[in-house]
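The chain below stands alone and is given in structure tokens; this is the form predicted alone.
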Amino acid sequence: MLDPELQTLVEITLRTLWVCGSALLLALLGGVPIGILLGSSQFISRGLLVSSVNAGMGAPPVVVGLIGSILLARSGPLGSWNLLYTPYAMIITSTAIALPLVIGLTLAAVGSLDDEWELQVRTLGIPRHWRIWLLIREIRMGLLAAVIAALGGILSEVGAVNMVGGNIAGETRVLTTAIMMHTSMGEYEIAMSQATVLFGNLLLLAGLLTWLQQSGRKR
């Protein structure tokens, strides 16, 4: 039988990883294709979209949390979904924070390719689906950088997830909101133990991604 405090810490950690992993996956699934499209295409509204992405990369997370709270509130346009103060609201908000980072870094990675790259690939007669695969392989270092940046942004966020999640014990409390709560209560020992777990997870995940990035450069 686990100690109650340890059991609570494990529960909060698993919830943190679930929210973070889900948001990161959604941000990658949506952000990478959009970043590739913006980086490899030219159309009239491209400049406006790129500017919006750049603004989103620098947007204060607390503003994202405020917008999410308004949209998901019972009186808001998405209130009928009953998502406010649930882990799903936290995933949506975390995805919104990470998405511009993924799009922007993917776009930059595509833009760093040689101007003649696509022409060379087309000249070789490579089918379109294989061209996309080759493109992803070419920009894999930039994609890993996008994953690391998005991961750090999601794992370290507290204000936005607290606004839409409510920091409810056993339901929406994650490591960042728990650390903030215990610190405000003067329970520094508990806050430090949770901060150690959070930082350890971040180091572990970032270290794994960095190893993959460095390995890719040697190939």
Partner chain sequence: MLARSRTLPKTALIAFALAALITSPSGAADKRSMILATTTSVRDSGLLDTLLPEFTEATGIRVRVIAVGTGAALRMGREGNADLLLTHAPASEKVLVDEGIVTRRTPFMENFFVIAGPAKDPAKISSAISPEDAIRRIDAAGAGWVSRSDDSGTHKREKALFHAAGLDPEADRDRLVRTGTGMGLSLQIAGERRYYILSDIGTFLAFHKRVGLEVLSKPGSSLRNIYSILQLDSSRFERPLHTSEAEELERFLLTKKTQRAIGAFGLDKFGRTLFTPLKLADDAHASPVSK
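Residue numbers count along the first chain shown, from 1. Here the structure is a predicted model, which means the values were calculated and not measured.
The discussion below concerns the form predicted together with the partner chain, not included here.
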{"item": "Answer option from Leu99, Val110, Val147, Leu84, heavy atom within 4.5 Å of the partner chain in the predicted bound form", "value": "Leu84"}
{"item": "Of Asn54, Asn167, Ser193, Ser40, the one that lies within 4.5 Å of the partner chain in the predicted bound form (heavy atoms)", "value": "Asn167"}
{"item": "Heavy atom of each of Val50, Val158 and Leu209 within 4.5 Å of the partner chain in the predicted bound form", "value": "no"}
{"item": "4.5 Å heavy atom contact, Ser184 and the partner chain in the predicted bound form", "value": "yes"}
{"item": "Contact label in the predicted bound form: Leu29 to the partner chain, heavy atom within 4.5 Å", "value": "yes"}
{"item": "Proximity of Leu25 to the partner chain in the predicted bound form, heavy atoms at 4.5 Å", "value": "yes"}
{"item": "Close approach of Met141 to the partner chain in the predicted bound form, 4.5 Å, heavy atom", "value": "no"}
{"item": "Segment assignment from 59-67, 147-155, 185-193, 40-48: heavy atom within 4.5 Å of the partner chain in the predicted bound form", "value": "185-193"}
{"item": "Partner contacts in the predicted bound form for 75-104 (non-hydrogen atom within 4.5 angstroms of the partner chain)", "value": "Ser75, Gly76, Pro77, Gly79, Ser80, Leu84, Tyr85, Thr86, Pro87, Tyr88"}
